[in-house]
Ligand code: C5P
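Only one chain comes next, encoded as structure tokens, the form predicted on its own.
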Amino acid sequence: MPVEESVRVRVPAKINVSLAVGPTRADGYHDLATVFQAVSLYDELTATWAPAGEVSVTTIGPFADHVRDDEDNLACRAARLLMDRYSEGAAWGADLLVDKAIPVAGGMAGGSADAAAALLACAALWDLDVSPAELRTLGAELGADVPFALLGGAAVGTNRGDELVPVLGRGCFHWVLALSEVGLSTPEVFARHDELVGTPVTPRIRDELMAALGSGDPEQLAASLRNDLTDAACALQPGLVDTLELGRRHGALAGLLSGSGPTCAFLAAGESAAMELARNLRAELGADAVRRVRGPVPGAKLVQVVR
């Protein structure tokens, strides 16, 4: 009988406070220089013992209708990958239940978060002797954002965004997110970016941004926000221009797209300012389209083990 009957993991969404996009590489990806921040919008994944060799996934929650519960689900693929690499014939299996609150195709690494949660949950469920660094290396095979979903906090990401260096800072930042009913395809956004940009330069992180994160000053950070994919995303979904302007008009220090969009992240001066901004945006966009979050927060974390 297994030592653990089930394991529950909570995993955060991410925003990119800076995303610089460089040239296309031989493998089809782009060189990136990005700064991630994990924020307090979470998916939860529960892994339960199943018959040997069986892996299944069931998704519930606000964004469940946007996810396929089959072998192509990234959480399911993560559990399979872990099993293939470490089982050595052991009688392992897992039923995965995902409570999905992170938007799908929203630029917040929702699928990658679930893959990270599945890696951590199944490693604990199956009592594997695998280090956090090994899990992040495995996660990079599933997607460039998976290692950061495991790490959390704030980090500089280079290469495809999967090579991480943690960023030390102070305090927390308050954000208000405006979600979109229609997602954006990351490959399509990058393809449009390539059409719009001539010859991209080597991406880098600005010193001013790192100083802002270190100081914890939201006004300093607001002046340093960057996303090279904004024009491409707005070309594919023109309404994003109006959403970004709406947030600024209602008092955001600054706004930007998270990742490839279409989620808009607005930086507020503090908690009370974020509450007011969220109220104003809900009045115009609807309650379901707005979330108030803070960051940085820890990455994927065990929250319950049932024996």
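In this text the structure is predicted, and so the values were computed from the model without any measurement. From 1 onward, residues are counted along the sequence shown.
If you look for the form predicted in complex with cytidine-5'-monophosphate, you will not find it shown, but the lines that follow are about it.
Contact annotation for the candidate site: His30, Gly143 and Phe190 all lie close to cytidine-5'-monophosphate in the model of the complex (heavy atom within 4.5 Å). Residues placing heavy atoms within 4.5 Å of cytidine-5'-monophosphate in the model of the complex fall in a single listed stretch, namely 179-187, out of 115-123, 230-238, 179-187, 207-215.
cytidine-5'-monophosphate in the model of the complex is approached by Arg160, whose closest heavy atom lies within 4.5 angstroms of it.
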